[in-house]
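Next up: just one chain, as structure tokens, the form predicted alone.
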Amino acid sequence: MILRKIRSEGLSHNSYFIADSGDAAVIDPRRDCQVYLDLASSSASRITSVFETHRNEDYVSGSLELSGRTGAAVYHGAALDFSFGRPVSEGDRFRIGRLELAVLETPGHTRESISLVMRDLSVSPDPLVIFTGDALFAGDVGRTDLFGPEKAEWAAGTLYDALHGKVLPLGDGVIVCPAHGAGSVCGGEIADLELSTIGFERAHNPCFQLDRESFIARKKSEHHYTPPYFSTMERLNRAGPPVISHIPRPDPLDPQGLEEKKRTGAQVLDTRSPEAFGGGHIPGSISLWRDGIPSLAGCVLSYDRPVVIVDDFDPRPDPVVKRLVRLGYDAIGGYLAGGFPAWSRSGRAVGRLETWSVATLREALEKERFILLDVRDQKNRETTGFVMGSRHIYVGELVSRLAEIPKDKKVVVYCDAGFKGSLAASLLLAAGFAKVANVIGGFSGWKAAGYPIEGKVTG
């Protein structure tokens, strides 16, 4: 028996490859699926089945991609109509060599959510592993707010019943394999654990320490951020995303070629550090560091305009392209050969972003009048505090809330360390704000310097 967990960087997404006796299956595959083909080849296995535990919201599914390259059948929960694949229901069973996968319907996060119970029948009929999708995580359970406030109580109660009526009775020794790890937007308090078991979760997961009424109250009180690209992911994953066969290899562009792309509507994505972006950048470009792409690109990039990539010198754009493709950005318009230095050497206009240290911010608060904008998420602001007098708009919501910020005043932005701040500042500059600064070091630097913190600090 082979069981492999495949992590997708930045997305906190887990997919799984299982194989036995020459048969293999993949659960919740990502779009760039070569890793599963490589695992099948190295294990002398043939992928015959692909399972989706639910219609995912935070990345583009790789089911169609993988099915097209292997001929594998795709299976979804029956409670939602998909434009591809085959529906499965409670009790359906599938053989992968000597392994058996049994379907449990575990709705609540989404209506069609399923979990898959794996048994190794060559050893025992007892459950060995459960693939829980977004129903159960290490230290948390799936968010139930996607149905809207009018169905909040139903969704939370439905998830409670599925977990307590179907998952917990499987036994404490069963290994839990969720679709996400710590940092995912599909949960609020997912623990950073390599693996877990039903028994460990029963004893330590805060959600399992509550009765049904308290569980529902807790879930109804949660406030999760819903990125705007979720609706695009839901649509693609229900209808079936375009099959791309391989990760695109963008064309190299010289400064003139990039300028022409930009003139015809391309978005310029600058993946350099906040310090580098502040020192000089292509006017109108968006500052988004590589590791921030999975969680924030969908909030700030348009799907109907090509993306052109700018980095330092001439690094390989493949990691950036891979992250974009996983979110459905297939129109990659190229990358700047030679990186930003090629642009600056061409004599073209260079934009600049004022950067402040926390000491500069501290001094300016006593002498100047400006808007101080905190672009961290609400939970971070509430639990760690904030700089006195700051307004709050999460960076993922900034594009839709620009009208709340006066353009005739200077705007100073801070986040945790400067990366989200650089993104927010670049969005403000692109929107026509003339006086913008980013605080390098952000709230972490402010706190480390011992400067005063406002708000309720709970941890």
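One-based numbering along the sequence shown. Since we're looking at a predicted model, the values are computed, not measured.
Only in words, not in the display: the form predicted in complex with a further copy of the same chain, which the text now covers.
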- Item | Candidate spot 341, 345 and 440, all three touching a further copy of the same chain in the predicted complex (heavy atom, 4.5 Å) | yes
- Which one of these stretches, 296 to 304, 227 to 235, 270 to 278, 376 to 384, sits within 4.5 Å of a further copy of the same chain in the predicted complex when only heavy atoms are counted? 270 to 278
- Query: in the predicted complex, does residue 1 have a heavy atom within 4.5 Å of a further copy of the same chain?
  - Reply: yes
- Is there any non-hydrogen atom of residue 404 lying within 4.5 Å of a further copy of the same chain in the predicted complex? no
- Task: Could you confirm whether residue 110 comes within 4.5 Å of a further copy of the same chain in the predicted complex, counting heavy atoms only?
- Result: no
- Message: So, residue 147 and a further copy of the same chain: in the predicted complex, are they within 4.5 Å at any heavy atom pair?
- Response: no
- Query: Looking at 193, 371, 79, 168, which has any heavy atom no more than 4.5 Å from a further copy of the same chain in the predicted complex?
  - Reply: 193
- Item | The single option of 161, 259, 222, 312 touching a further copy of the same chain in the predicted complex, heavy atom within 4.5 Å | 312
- Query: Even though the chain is shown alone, can you say which residues of 350 to 365 have a heavy atom within 4.5 Å of a further copy of the same chain in the predicted complex?
  - Reply: 350, 352, 355, 356, 357, 358, 360
